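To begin, one chain is listed below as structure tokens, in the form predicted alone.
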């Protein structure tokens, strides 16, 4: 294979890892150091630390904030299906980083769900993309970055499906590449069977990984630093009535 393939397989993964880790640490450090001198929970807010934790977990697991607005139910369903599918796809790919003898039973069990998720995830992605194009108000506030990340994720999904069903690489070789990268051992591409479909998918995945820390996708970490969710009112301060003059 050529120089470009060697770069994608042997060089870019380490650049991707460094950019991703440093980017995530930087974003978290900025959120952590940002001053917040006064509690600013949105009314009715959270009354205690426990209720603040419950609020954050509810937003992470069931997207409570979206569900609260009846007009957003379709958006809630699309967003929830997308995130669950994305998680299942990530879990399914763990098999490529583990030896056959080290693959946990739950990773093997999730393979079917991961494949189904890869087929399903395109639907909410297309919905979110079309929604930005069709709704005038949303289109007005959308930026090129909003379209780019949706198209990038969709490209990762479609290239992965193509590589699986139409140009399937040798799975043993894929695992060999991943484990070699983890061991910091260069891969001789002349000894493995990697086709263009896999290389394209692998490249797009790395582009997405490098882009995540600097995009809105980083909300997966930012939600834990959102003052309106993590702050709480002291005692019953938010229920006290103001005395009339």
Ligand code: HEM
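Positions refer to the first chain, counted from 1. Note that this is a predicted model, so its numbers are computed, not measured.
Below, we refer to the form predicted together with the ligand, which is not included among the displayed structures.
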**Request:** Would you point out which of 184-192, 197-205, 24-32, 52-60 contains residues with a non-hydrogen atom within 4.5 Å of the ligand in the predicted bound form?
**Result:** 197-205
**Prompt:** Just to confirm, residue 86 within 4.5 Å of the ligand in the predicted bound form by heavy atoms?
**Reply:** yes
**Asked** Should residue 164 be counted as a contact of the ligand in the predicted bound form, where contact means heavy atoms within 4.5 Å?
**Response** yes
**Asked** Heavy atoms within 4.5 Å of the ligand in the predicted bound form: does residue 124 have any?
**Response** no
**Request:** Give a yes/no on whether residue 135 approaches the ligand to within 4.5 Å in the predicted bound form, heavy atoms considered.
**Result:** no
**Request:** Taking 4.5 Å between heavy atoms as the contact cutoff, choose which of 74, 102, 130, 171 touches the ligand in the predicted bound form.
**Result:** 171
